[in-house]
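Consider the single chain below, provided in structure tokens and representing the form predicted on its own.
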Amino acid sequence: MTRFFVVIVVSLLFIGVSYAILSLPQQAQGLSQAVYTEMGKSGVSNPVTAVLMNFRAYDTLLEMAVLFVALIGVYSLSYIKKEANLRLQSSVLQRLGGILVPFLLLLSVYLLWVGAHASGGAFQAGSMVSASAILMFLSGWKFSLFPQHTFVRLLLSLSLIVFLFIAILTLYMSKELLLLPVKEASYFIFILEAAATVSIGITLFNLFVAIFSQQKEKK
């Protein structure tokens, strides 16, 4: 009975999504023209960054909140042992970590900086930070980025704290939530992206560790 119900629900969803896709106009105008019209007020020259960190910064704030809540949910449902028991004993990983980690961190800084005018930004830079942390973790480096420490918790919530602070500040300055002043927009965006890079990197790292530790326990 349960399988039959699931099949019906999935079939209805498939029909609904298919109808929505087939009903789309052949040439959708979209909002690209509106975005390029307002680019001069965004503080950056990359339209993607302008949308994510300025025109629709509220959506990005909610995305950061979702990541933060997801990590809380994962940790509330899993048990993490000491990191020393989770490391892989591999000389290849140890050597590779020593070579690649500096380049990955440098690449993350570049992606953060270049996001204002080209492909890049906080999410890409944060992914590189998490990749560096995962590689160090698997290589056996002695460091701790786990939420048990107060400082790490602060870094995990840094993006939300900065977003909320700037939201309150812009509400006071322009009377609208997250409406960045034109002259200072570039500075606000860089601060938001830098904070998001740190939070995204550490969040993704901890999500990996939570899943990795559960797989080790099953084995």
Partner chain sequence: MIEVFLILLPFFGGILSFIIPKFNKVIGLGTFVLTLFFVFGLGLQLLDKGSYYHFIGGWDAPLGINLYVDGLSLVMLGLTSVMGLSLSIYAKKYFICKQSLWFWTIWLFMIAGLNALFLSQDIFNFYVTLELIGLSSVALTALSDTKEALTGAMRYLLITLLGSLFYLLGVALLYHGFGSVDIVILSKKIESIPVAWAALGLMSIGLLLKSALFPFHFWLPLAHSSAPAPISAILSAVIIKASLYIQLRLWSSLFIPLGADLYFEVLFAFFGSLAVIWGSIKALVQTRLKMLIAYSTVAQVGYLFIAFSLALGGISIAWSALVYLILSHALAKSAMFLVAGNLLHFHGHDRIIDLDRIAQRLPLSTTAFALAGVSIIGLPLSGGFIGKWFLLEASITKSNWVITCTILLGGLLATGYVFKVLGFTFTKTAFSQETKNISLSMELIPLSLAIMAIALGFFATPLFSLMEIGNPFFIIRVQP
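Numbering follows the first chain given and starts at 1. Source: prediction; values computed, not measured.
Note that the form predicted together with its partner chain isn't included here; everything after this is about it.
Engineer: Could you work out which of I72, I99, V92, L106 is the residue within 4.5 angstroms of its partner chain in the predicted bound form, going by heavy atoms?
Structural biologist: Result of the distance check: I72.
Engineer: Answer with yes or no whether S157 is in contact with its partner chain in the predicted bound form, where contact means some heavy atom within 4.5 Å.
Structural biologist: Yes, contact at 4.5 Å.
Engineer: Against its partner chain in the predicted bound form, would K175 count as a contact residue? Criterion: heavy atoms within 4.5 Å.
Structural biologist: Although its partner chain is absent here, K175 would touch it in the predicted bound form, with heavy atoms inside 4.5 Å.
Engineer: Can you work out whether S76 and its partner chain are in contact in the predicted bound form, taking contact to mean some heavy atom pair no more than 4.5 Å apart?
Structural biologist: Yes, S76 lies within 4.5 Å of its partner chain in the predicted bound form.
Engineer: Using heavy atoms and a 4.5 Å limit, would one call Y58 a contact residue for its partner chain in the predicted bound form?
Structural biologist: Y58 belongs to the contact set for its partner chain.
Engineer: Within 4.5 Å of its partner chain in the predicted bound form, which residues of 150 to 176 have a heavy atom? Give them in sequence order, or say none.
Structural biologist: Stretch hits, in order: T150, R153, L154, L156, S157, L160, I161, L164, A167, I168, L171, K175, E176.
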